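In structure tokens, the next block holds one chain alone, the form predicted on its own.
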Amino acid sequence: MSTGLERSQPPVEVSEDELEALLGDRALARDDHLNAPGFVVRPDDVQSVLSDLKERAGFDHLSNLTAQQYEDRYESIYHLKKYADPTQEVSIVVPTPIDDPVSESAAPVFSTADWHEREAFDLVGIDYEGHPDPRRILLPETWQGHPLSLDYDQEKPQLVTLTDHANPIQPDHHDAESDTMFLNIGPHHPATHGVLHLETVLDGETVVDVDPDVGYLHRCEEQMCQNGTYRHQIMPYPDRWDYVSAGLLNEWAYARVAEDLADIEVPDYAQVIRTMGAELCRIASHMLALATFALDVYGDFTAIFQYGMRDREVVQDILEDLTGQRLMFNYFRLGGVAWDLPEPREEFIAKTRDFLDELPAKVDEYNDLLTGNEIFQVRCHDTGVLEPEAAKDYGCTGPVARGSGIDYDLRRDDPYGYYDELEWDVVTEPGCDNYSRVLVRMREVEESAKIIEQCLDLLEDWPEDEREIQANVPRTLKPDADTEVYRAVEGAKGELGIYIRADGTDKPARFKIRSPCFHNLSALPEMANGEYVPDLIASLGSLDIVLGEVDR
């Protein structure tokens, strides 16, 4: 089948030789990465190298920054892609000595490097010279040491003086000199979607500045994954990053990177089941996003919120039938899935089809109640505006990017699973505002239904003796030492990626999570500064963040 998803203007491809010529003497050496050419550069060449790659070679997406420590050095890896074609990738490796881990900040070139580098300093201990806001981001300022550095003592208790132990949240106050007011929103407030704290400066009701303060849920998931074996012990964690609805989508992120690392080929039948399950999760996630957004915008805790939860429950029932679990599914296995469709499979397929048959009427209800509602439109049109170039600069992906007209979806642009064999469309909206992001999610629900319908057709007709649900995977996986790979999938919130470096054992030496919510949330000041407080709440809701994935 033709996907019908080809772009009208294919992007210009830059060869490795052309990249090497562009970097010139600044490329000190080459580094082997499975999916992207790697170039080693000096710590004081970071800005010029990234700037040239962005402006002259078109690498406008700083997808990920991984910091790590070796016995003899620290290392920062900037992973760059193109929004026009994410299969074109390049890694810039910046080593720094153990006794002086200082590297030039990339924040002047990519705004998203601001939060990336704060996290790298916080967890690993690399300083970034020229960084605009060099603070910890996930751990409290009183934390001693860097948990992912090699010399960090996990047994040593944290000693915090009585003075430092005071409440770190600055009280609300009025600044008489500037006539502004400092106001805390959160960290425990229905409008902040979990334990998020917004440090907000107001001039009257106008937002002068907002600073998202994250880290309240931080569980050092990366370190936990580094202590788990590839084959079985890591897979349960991704469900917990986005703990509300996107479980199978997140499991796929780990499955994809580990399968690439271990060169595992997944059977087609299992890929169809994965694709169907993932899209059910996308619908469940978007339903919840829609319901809570209505709550944010006009406090609708009755009609739309309950409708959204009602329809999400139906999806959860189907997923429970498929996986045996209701929220933390743990259904994917490296090489396939845990088991086939539940028996009697005709009953499961009929139940899923019934849901799809009823979905158009439910979407009509949402349009009547929400997107067609005049009050909702007034509140969402031209608020929370995020222009395409700003969205790219902050590394935004998913419905947030597509609501700014950015035609970027890894299911089509970097195909995996069974997506490139099916008929569906990537949804974009040009409005760049809160309303556009809602429309994208609404339309994506319909596209997911199309994908599920086609998967059910395939599963129904699949010959019984060819229903292979798992590849033949060794009991213990030990990828070659110093093998490095970064892979991503299109999660419900955007690009969910994972970088892994193997050290020849059955556990990763470095496991870095690229969370779409982390990047999308970093763009909030760009969207909210200069707007009213209610618009700030609406803008935050339109990002559809979940703090488990922001903080990890």
Partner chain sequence: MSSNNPRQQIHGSTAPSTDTRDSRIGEGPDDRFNSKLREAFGSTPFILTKFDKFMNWVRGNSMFMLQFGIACCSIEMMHTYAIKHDLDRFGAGVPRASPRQADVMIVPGTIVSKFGPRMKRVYDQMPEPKFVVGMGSCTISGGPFQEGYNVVKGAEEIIPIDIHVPGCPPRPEALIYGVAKLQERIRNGESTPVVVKPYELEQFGDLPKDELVQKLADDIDEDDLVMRYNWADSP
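In this text, rigid core is short for the largest set of C-alphas that superpose within 1.5 Å between two forms. Positions refer to the first chain, counted from 1. From a predicted model like this one, the values you see are computed outputs, not experimental measurements.
Although it is not shown, the form predicted in complex with the partner chain is what the next lines describe.
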May I ask whether 214, 288 and 326 all come within 4.5 angstroms of the partner chain in the predicted bound form, judged by heavy atoms?
yes
If you check 476, 158, 178, 472 against the partner chain in the predicted bound form, which one has a heavy atom within 4.5 Å?
158
Check each of 109, 139, 426, 318 and return the one that places a heavy atom within 4.5 angstroms of the partner chain in the predicted bound form.
139
Indicate whether the partner chain has at least one heavy atom within 4.5 Å of a heavy atom of residue 221 in the predicted bound form.
yes
State yes or no: in the predicted bound form, is some non-hydrogen atom of residue 152 no more than 4.5 angstroms from a non-hydrogen atom of the partner chain?
yes
Considering non-hydrogen atoms and a 4.5 Å limit, does the partner chain approach residue 91 in the predicted bound form?
no
Under a 4.5 Å heavy atom criterion, is residue 305 part of the interface with the partner chain in the predicted bound form?
yes
Within 4.5 Å of the partner chain in the predicted bound form, counting heavy atoms only, one of 187-195, 451-459, 251-259, 67-75 shows up; tell me which.
187-195
Need the contact residues for 332-352: heavy atom within 4.5 Å of the partner chain in the predicted bound form, sequence order, or none if there are none.
none
Once the core is aligned, does residue 158 move its Cα by at least 2 Å between this form and the one not shown?
yes
